[in-house]
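Have a look below at one chain only, the form predicted on its own, in structure tokens format.
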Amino acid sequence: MSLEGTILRIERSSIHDGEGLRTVIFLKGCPLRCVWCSTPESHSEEIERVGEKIYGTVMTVEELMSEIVKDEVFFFHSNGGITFSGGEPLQQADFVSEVLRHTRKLGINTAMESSMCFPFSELEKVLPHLNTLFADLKDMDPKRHRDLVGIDNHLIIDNIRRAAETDYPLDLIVRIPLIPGVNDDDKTMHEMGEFLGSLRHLSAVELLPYHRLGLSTYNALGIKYRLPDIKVPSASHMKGKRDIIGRYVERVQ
């Protein structure tokens, strides 16, 4: 019997989620509730209907693979591939692992974006089949992390460190969502830099500027957005924060 996964949507020709042109597979289901989350429709693993809009569909491994291979020509001409995102892919780790295994057999590059909030045993299911792991680092303070996300950061930090110690030949890229006035003070930036600089294997750090995408979805789902007054950070603000992280790690984007 084939494994099934709950897919939120599939986006093609992305250039922001790994090398080349990417087919990004967004999964439904995430245990976190980040106050800045831009995809609240991904929170529940259940298929949801709001008016005429349906969020999610169930697909087997074979059904998803048939969608992936449609884009093979674009992958090979652009050095692209597939990226699992969410939601949180590790919530469906068995399904994701099986799709990645089939994808790698075809010679297609693979990547996954993760909040790293599940036990390392779930992450180990997918690591052998990944070319790139994008790991989120949201804050260094456990209490503030719990307030912002819903859980503390101990498991996440431990998983990032353990991923950096793995012998699998993959690129580890840590992504920091930069939320002005929330997690972007210089003290936090230095703490993040010190932690990242201590990792044995780290390919790059990416600072992601806060954006206000997804507000219309909050309204449609009847969910209150908790950061209505936060402004998008300026280019100079982002550069200043990158400069701090750059004191500790070689490659900052």
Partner chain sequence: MADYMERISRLKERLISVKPEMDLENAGILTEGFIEYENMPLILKKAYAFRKQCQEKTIFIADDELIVGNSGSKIRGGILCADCCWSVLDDELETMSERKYDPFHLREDDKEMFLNTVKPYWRGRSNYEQWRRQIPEDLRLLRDNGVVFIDRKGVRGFGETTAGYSWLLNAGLKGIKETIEGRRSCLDLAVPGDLEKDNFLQALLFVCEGIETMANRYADLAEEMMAEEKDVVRRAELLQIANVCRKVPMNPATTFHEALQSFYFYHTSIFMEQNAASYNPGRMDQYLLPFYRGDIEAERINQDQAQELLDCLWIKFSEPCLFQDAETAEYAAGYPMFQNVCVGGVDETGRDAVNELSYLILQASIDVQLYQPSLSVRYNMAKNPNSFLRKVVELISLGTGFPAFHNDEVGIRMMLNKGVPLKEAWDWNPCGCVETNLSGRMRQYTALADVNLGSIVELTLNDGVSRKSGDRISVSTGNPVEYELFEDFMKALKAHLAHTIHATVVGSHLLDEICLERPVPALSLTFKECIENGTDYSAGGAKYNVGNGIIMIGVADLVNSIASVRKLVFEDESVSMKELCAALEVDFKGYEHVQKLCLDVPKYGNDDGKVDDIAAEIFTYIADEIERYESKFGRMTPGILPVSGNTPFGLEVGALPSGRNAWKPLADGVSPSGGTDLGGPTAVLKSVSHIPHDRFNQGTLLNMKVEDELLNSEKGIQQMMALLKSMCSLGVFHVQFNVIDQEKLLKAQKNPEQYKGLLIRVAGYTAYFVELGKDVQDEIIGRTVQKQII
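Numbering follows the first chain given and starts at 1. On a predicted model such as this, the values are computed, not experimentally measured, just so you know.
Here the subject shifts to the form predicted together with its partner chain, a form of this protein not shown in this document.
Check each of 217, 203, 188, 44 and return the one that places a heavy atom within 4.5 angstroms of its partner chain in the predicted complex.
Spelling it out, the residue with a heavy atom inside the cut-off is 217.
I'd like to know if residue 21 sits close to its partner chain in the predicted complex, meaning any non-hydrogen atom pair within 4.5 angstroms.
Yes.
Quick check on residue 211: any heavy atom within 4.5 Å of its partner chain in the predicted complex?
Yes - in the predicted complex, heavy atoms of residue 211 and its partner chain come within 4.5 Å of each other.
Under a 4.5 Å heavy atom criterion, is residue 118 part of the interface with its partner chain in the predicted complex?
No - in the predicted complex, heavy atoms of residue 118 and its partner chain never come within 4.5 Å of each other.
Can you tell me if residue 171 lies within 4.5 angstroms of its partner chain in the predicted complex, counting non-hydrogen atoms only?
Judged by the heavy-atom cut-off of 4.5 Å, residue 171 is well away from its partner chain in the predicted complex.
State yes only if every one of 94, 164 and 249 has a non-hydrogen atom within 4.5 Å of its partner chain in the predicted complex; otherwise state no.
Spot residues vs its partner chain: no contact at all.
Using a 4.5 Å heavy atom cut-off, which of 135-143, 108-116, 94-102, 75-83 contacts its partner chain in the predicted complex?
Only one stretch passes the 4.5 Å heavy-atom test: 75-83.
For 13-44: residues with a non-hydrogen atom within 4.5 angstroms of its partner chain in the predicted complex?
13, 15, 16, 18, 20, 21, 26, in sequence order.
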